[in-house]
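Starting off, we have a lone chain in the form predicted alone, written out as structure tokens.
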């Protein structure tokens, strides 16, 4: 039996991509399938560097389509399988992820966002929110965690495997190029040392016994003959997701009860927004902070509650309104004034958020 990659807890200083590889090891992932694309490449590099020691596996495929489908195949065989991608690779990944949604396969995907559209920059953006939350044809169901720092990259990579296997929906960890490349301190840990039990995996196919005699037959489909048949299946999927959503949805917030204006952001941008709100509070501005950690499902009830109290909502993101559209849909019918600070493909600083709030407040 290979040794555990992490014994207890330890403080480390490393890049976000290295963090993801260690988190996957800690989560007892069996195999990674992948294809190189910046800025996620080092996830593959660190994983392959460590896998001989810990008895794990890796397959480099010919493209992201293959990486997604082979990850689904690994899950079908009962493996705790994952992949990682970015930008144009994320675009290609949507076809296999759509199949995973149709068949309720608990695949895990790490996305390190880069600028777009197309090749654009290999550096950073938050421009893959719409594609990661709503990608794929039809109306598939998935879970998306948006991380803000290296500690969260570690925590939510582990959590993603448990969420995927518990609820049987594809699960994404949405990072970005900044988090991927920069170095930061965090605490790595063995999940068991914190009372976290990894949800057991099981094969979808190749089970022991005779189907229909010793066990229920496995029936996996992503194609249907008539629309009523598809409708019946989707109704059940939607009901399952609606039941799970309140258990999955997460957020972070403070100073929203008396705030006239609430700053809403996600991911790494929320670091600048958090610091800005604290600074503005010290100067006497009634400003609050709200950050959805799950972009799908969104914490809809909490968003509506915040919108019901505040006079203004300021959505800040490194995209041209992708988070903004999700928020507007969630609070539809609310008359709170919606304001924005959009910087597509560019980072946002604390100073810029402070300046925008002071501009709004005159």
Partner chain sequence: MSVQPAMPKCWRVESKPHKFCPGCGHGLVLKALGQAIDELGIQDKVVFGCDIGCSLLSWDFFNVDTVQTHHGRTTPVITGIKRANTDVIGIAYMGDGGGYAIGAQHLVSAATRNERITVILVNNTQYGMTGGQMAPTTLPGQKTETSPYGRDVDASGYPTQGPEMVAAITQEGAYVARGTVANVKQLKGFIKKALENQMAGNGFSFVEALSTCPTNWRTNAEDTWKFVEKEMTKYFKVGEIKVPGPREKEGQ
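Numbering follows the first chain given and starts at 1. We call the rigid core whatever largest set of C-alpha positions still superposes within 1.5 Å between the two forms. Bear in mind the structure is a predicted one, so any value in this text is a computation, not a measurement.
Another form, the form predicted together with the partner chain, is not on view; read the next lines as being about it.
Contact annotation: of the candidates 130, 236, 121, 218, the single residue with a non-hydrogen atom within 4.5 angstroms of the partner chain in the model of the complex is 218. Here is the short version: of 334, 48, 66, 38, the single residue with a heavy atom within 4.5 Å of the partner chain in the model of the complex is 66.
Contact with the partner chain, judged by heavy atoms within 4.5 Å in the model of the complex, is confined among 289-297, 312-320, 66-74, 325-333 to 66-74. A residue is said to contact a partner when one of its heavy atoms sits within 4.5 Å of a partner heavy atom; residue 200 fails this definition for the partner chain in the model of the complex, lying far away. At least one heavy atom of residue 95 is located within 4.5 Å of the partner chain in the model of the complex. A residue is said to contact a partner when one of its heavy atoms sits within 4.5 Å of a partner heavy atom; residue 222 meets this definition for the partner chain in the model of the complex. Although the partner is absent here, residue 61 sits close enough that one of its heavy atoms falls within 4.5 Å of the partner chain in the model of the complex. By the 4.5 Å heavy atom rule, the three marked residues 99, 207 and 211 all count as contacting the partner chain in the model of the complex. If you take 270-286 and check each residue for a heavy atom within 4.5 Å of the partner chain in the model of the complex, you get nothing at all. With the core held fixed, residue 284 shows a CA shift below 2 Å between the shown form and the other one. Fitting the two forms on the rigid core leaves the C-alpha of residue 195 displaced by under 2 angstroms between the shown form and the other one.
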